[in-house]
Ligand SMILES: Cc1cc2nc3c(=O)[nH]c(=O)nc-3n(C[C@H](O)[C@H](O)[C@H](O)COP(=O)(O)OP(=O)(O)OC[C@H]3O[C@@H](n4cnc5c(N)ncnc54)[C@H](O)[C@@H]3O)c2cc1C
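Take a look at this single chain in structure tokens; it is the form predicted on its own.
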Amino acid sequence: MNLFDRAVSLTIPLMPKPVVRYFSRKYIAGETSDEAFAVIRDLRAEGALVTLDILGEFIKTREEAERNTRDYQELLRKIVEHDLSETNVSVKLSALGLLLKDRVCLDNMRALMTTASEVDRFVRIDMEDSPCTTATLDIYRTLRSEFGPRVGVVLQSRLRRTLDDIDALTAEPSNFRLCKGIYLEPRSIAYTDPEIIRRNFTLSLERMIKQGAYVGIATHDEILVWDALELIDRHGLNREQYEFQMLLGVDEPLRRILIEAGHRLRVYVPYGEQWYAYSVRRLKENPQIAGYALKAIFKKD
């Protein structure tokens, strides 16, 4: 992180919403599911798969958590109604009550997973910052025992605990998304050197492959893509045993290269009324993104 990125991150939240929307529109599909479905149709025409995320996390009331749960249930049904095969959803547990007291989040996730089972869809549990990690993995274990391979989770190579988590979770069949992680965490629990984070990504991916997990390889770092391709070749994986994953609007040329080479690739498509809070939060969590965002304003579409 440099002083420019930090300065921009402090300035962006003070900008008018239309300005923030200008640079975010490439990365956020819109405010409604209809807008998101239009983006999905374009991605599917390109040969990509999709996972949908309804923006809105760190809610404060049970009512908000239950409303978000209903929104996800409705989204799953709409995916089926629109015949969007192999389209699934990703959900942050803090949007369904993870930070509230009692078992509200687990109850909401059970309701969501019941709907997913009814419509034959997969749900990915996103990973949030480190205070949420243990609780998130505990809920994943519970749901996996009840709903089997219909649920997956995310692990981050930034965290020092990740290799141990892989070993613990792969005692049963597992479905992971592996990413670097964007949250800036204390050095005591996370690697801070970019090269170590990268090396741990490759090490974690190989551990997952060796232990029979299905992995969504979530990266725009072409060095890590190269490492992943080498591991895929060395371990003789077929295209049904893994997939690449990328964020909407990020490194589209690399996305097309992988799809044209015959690899499954899934695009993470966020949408929702909370797009502004999501955009500002991401800038605060990782100021380096702010520098990219400002530069994007001056780039041609």
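Throughout, we count residues from 1 along the sequence that is shown. Quick caveat: nothing in here was measured; it's all calculated off a predicted structure.
The following text describes the form predicted in complex with the named molecule, which does not appear among the structures shown.
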{"query": "One residue of Lys78, His220, Lys210, Arg160 in contact with the named molecule, assessed in the predicted bound form (non-hydrogen atom, 4.5 angstroms)", "finding": "His220"}
{"query": "Ala38, Ile259, Leu237, Leu247 - the one with a heavy atom within 4.5 Å of the named molecule in the predicted bound form", "finding": "Leu247"}
{"query": "All of Arg110, Met113 and Arg144 within 4.5 Å of the named molecule in the predicted bound form, heavy atom check", "finding": "no"}
{"query": "Heavy atom contact within 4.5 Å of the named molecule in the predicted bound form, the stretch among 144-152, 78-86, 119-127, 98-106", "finding": "119-127"}
{"query": "4.5 Å heavy atom contact, Trp275 to the named molecule in the predicted bound form", "finding": "no"}
{"query": "In the predicted bound form, Leu231 touching the named molecule (heavy atom, 4.5 Å)", "finding": "no"}
{"query": "In the predicted bound form, Tyr27 touching the named molecule (heavy atom, 4.5 Å)", "finding": "yes"}
{"query": "is_contact(Ala135, the named molecule) in the predicted bound form, heavy atom dist at most 4.5 Å", "finding": "no"}
{"query": "In the predicted bound form, residues of 159-188 near the named molecule [heavy atom within 4.5 Å]", "finding": "Arg177, Cys179, Lys180, Gly181, Ile182, Tyr183"}
